[in-house]
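Below, in structure tokens: the form predicted on its own, a single chain.
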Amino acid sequence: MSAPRRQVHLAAHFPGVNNTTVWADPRSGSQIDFTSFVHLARTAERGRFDFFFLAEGLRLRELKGRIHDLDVVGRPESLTVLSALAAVTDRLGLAATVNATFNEPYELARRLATLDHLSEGRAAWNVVTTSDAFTGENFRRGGFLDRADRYTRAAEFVRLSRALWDSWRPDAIVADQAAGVFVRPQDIGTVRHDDRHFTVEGRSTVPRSPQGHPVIIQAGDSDEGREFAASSADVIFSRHGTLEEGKAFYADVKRRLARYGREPHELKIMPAATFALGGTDAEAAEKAAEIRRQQVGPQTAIAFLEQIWGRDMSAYDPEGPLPDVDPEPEEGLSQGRVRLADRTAVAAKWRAVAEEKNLTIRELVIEMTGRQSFVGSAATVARRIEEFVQGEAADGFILVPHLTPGGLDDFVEEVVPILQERGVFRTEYAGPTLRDHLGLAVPRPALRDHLGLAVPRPAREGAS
């Protein structure tokens, strides 16, 4: 008997504040109006997606000391938007990106548990970190955290949050009207934690939520990020573009789970993915090329070049050749983007590609900054998605449309039915919670006694 076919997981990413989002397209709507969030969320729920994902930035990006205004600038705060969406959706998971460097566990655990209650068990937290002083300037601690410490703090943050979520026993509320007893005080534990980053001693103000713990998502491909995901996350939001890269990443992360006593199915790997659909594969390829030219206009091409080269490149023609100038070795003009580990090596790679393919600056940026993950007819895209999942290169994908709010409409109407016909994607939700959608068990409460809960230490030295 052959093994059952692996099921595809899908999530919808609201288009972000980067050049993937084509805000200047006539079909593009508001980036902040609530109706835009509602449209995309309801489209995802109609397609039986696992969850709706919101990214977040804590400082506006800058280029040459000015706000980078070529892309979308400014967005509402994630948890507020998702709390509102909980009232207009029924089954769709609601995932908020919230920074573990510039928040506090007690307050954030409370807000996430509240969202889990309001949504009846659909909350998720995408844990991100920040090490740069540029973002830190917006906060009291002002960038004090070294890059090497960011995952240490994040792992401690998650452990403490889980302790707070576990501090109420599931049956602590009795609401006995006859006896006049609302809660059993002995079933509400005191969390005691004193470690490098946090000191907390107190009781959570929010009862245990429907999922026990909101789903934890981790975004990052570094070795530290992979280890953090293996120890602490339920979903990892990754970035890899080819089937071979996906298989290597998948095998590496799943292998790490055993050292934390976890099984492979307890962590879902869901890379970001973009798409371009057409009536035929050729039509889709033409559409994909046009989208990329929209995403990388002349000014955007120069901005990308300045980010890599670390110097002012505004005098050069984006439709002309790459200039014969060397990059600045130190961090240069761009603030609020991911830092480059080796600017000189990246620039050398770009130059080699430009010379090999005889590309203009704009063509080079289009070539080097990514392209649609899935391009083709609906049948071709469905087949490719299934190839990744059945081939253990991913458990599913977080889809990033290029238009707000209708960028997911065609995918739900054309690709989802094919995946359903193939028997690899649900036709109805199996349960009400996000853990149900992802096939994840509800965590058992970790309260050890009626007096308090000590936050557990990491499973092994250096795990975070």
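We number the residues from 1 along the sequence you see. On a predicted model such as this, the values are computed, not experimentally measured, just so you know.
Although it is not shown, the form predicted together with a small molecule is what the next lines describe.
*Asks:* Given that the partner is absent here, state which listed stretch (285 to 293, 237 to 245, 376 to 384, 257 to 265) has heavy atoms within 4.5 Å of the small molecule in the model of the complex.
*Replies:* Correct option: 237 to 245.
*Asks:* For this chain shown on its own, do V128, R147 and R150 all sit within 4.5 Å of the small molecule in the model of the complex, going by heavy atoms?
*Replies:* Every listed residue reaches the small molecule in the model of the complex, so yes.
*Asks:* Within a 4.5 Å heavy atom cut-off, is A55 in contact with the small molecule in the model of the complex?
*Replies:* Output for A55 is yes: heavy atoms within 4.5 Å of the small molecule.
*Asks:* Should S222 be counted as a contact of the small molecule in the model of the complex, where contact means heavy atoms within 4.5 Å?
*Replies:* Yes, contact at 4.5 Å.
*Asks:* Are any of the heavy atoms in S209 no more than 4.5 Å from a heavy atom of the small molecule in the model of the complex?
*Replies:* S209 lies outside the contact set for the small molecule.
*Asks:* Considering only heavy atoms, tell me if S204 and the small molecule come within 4.5 Å of each other in the model of the complex.
*Replies:* Answer no; every heavy atom of S204 is more than 4.5 Å from the small molecule in the model of the complex.
*Asks:* Among T97, Q307, Q372, S231, which has any heavy atom within 4.5 Å of the small molecule in the model of the complex?
*Replies:* Looking at the other structure, the residue within range turns out to be T97.
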